[in-house]
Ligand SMILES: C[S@@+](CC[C@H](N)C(=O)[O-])C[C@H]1O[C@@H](n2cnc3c(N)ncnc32)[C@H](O)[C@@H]1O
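Consider the single chain below, provided in structure tokens and representing the form predicted alone.
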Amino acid sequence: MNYNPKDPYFQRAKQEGYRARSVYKLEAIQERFKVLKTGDRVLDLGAAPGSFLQYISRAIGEDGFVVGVDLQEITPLKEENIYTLVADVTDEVVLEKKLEEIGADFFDVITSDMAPATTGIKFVDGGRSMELNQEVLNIAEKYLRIGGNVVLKLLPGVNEGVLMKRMKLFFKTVRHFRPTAVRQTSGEFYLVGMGRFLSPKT
């Protein structure tokens, strides 16, 4: 964590042993929507440095497990129900192979806190965020079980209507949510899809 030490979320994360303040965004999503439950199998995309993994591990308990995927290696965590993989989520062939190696063929929940390297140009950053989230939904279509949930992070400039339209074909409920832990200077927000259908609505 290399942010303003006066930030209350930074201080709280440090005190509670979390690797990043972003954990409180997921905590707010969980408190509002109850996307995680005991025993769930969870896939966390863009998982480094690992604060989402820490929170998910506690939420799902020892009967569940969470797999964290990132382009960079994640410093090992002590929890036994956490597995980490180094992979590019846009390379579906490599991702599939690595998931097969650990015996993970479906998930109850998929979370993503991924964001592209930003340029400061809203429409460029938004476009890249859109592409990443389309990839997350591709992965969800393949690996998310019926009734499962998905959480996506979007940057300013994303045409959220396009993503929401796609998500509404696959999920019973789709919600836009901005946790209080998001910095006031940031325009990021989340889309939460709950209750995946057996097949897309027509």
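Every value quoted in this text rests on a predicted model; they were computed, and no experiment measured them. Residue positions are given as counts along the sequence shown, with the first one as 1.
Another form, the form predicted in complex with the named molecule, is not on view; read the next lines as being about it.
Asker: For the three residues R41, T173 and G195, verify that every one has a non-hydrogen atom within 4.5 Å of the named molecule in the predicted bound form; reply yes or no.
Answerer: Checked in the predicted bound form: no contact with the named molecule for any of the three.
Asker: If contact means any heavy atom within 4.5 Å, which of 48 to 56, 159 to 167, 141 to 149, 28 to 36 contacts the named molecule in the predicted bound form?
Answerer: Only one stretch passes the 4.5 Å heavy-atom test: 48 to 56.
Asker: Contact between V124 and the named molecule in the predicted bound form at 4.5 Å, heavy atoms?
Answerer: Flag for V124 set to no.
Asker: How about M114 - does it come within 4.5 Å of the named molecule in the predicted bound form, if we only consider non-hydrogen atoms?
Answerer: Yes.
Asker: Does any heavy atom of D88 come within 4.5 Å of a heavy atom of the named molecule in the predicted bound form?
Answerer: Yes.
Asker: Hey, in the predicted bound form, is L71 touching the named molecule, heavy atoms inside 4.5 Å?
Answerer: Heavy-atom contact with the named molecule at 4.5 Å: present for L71.
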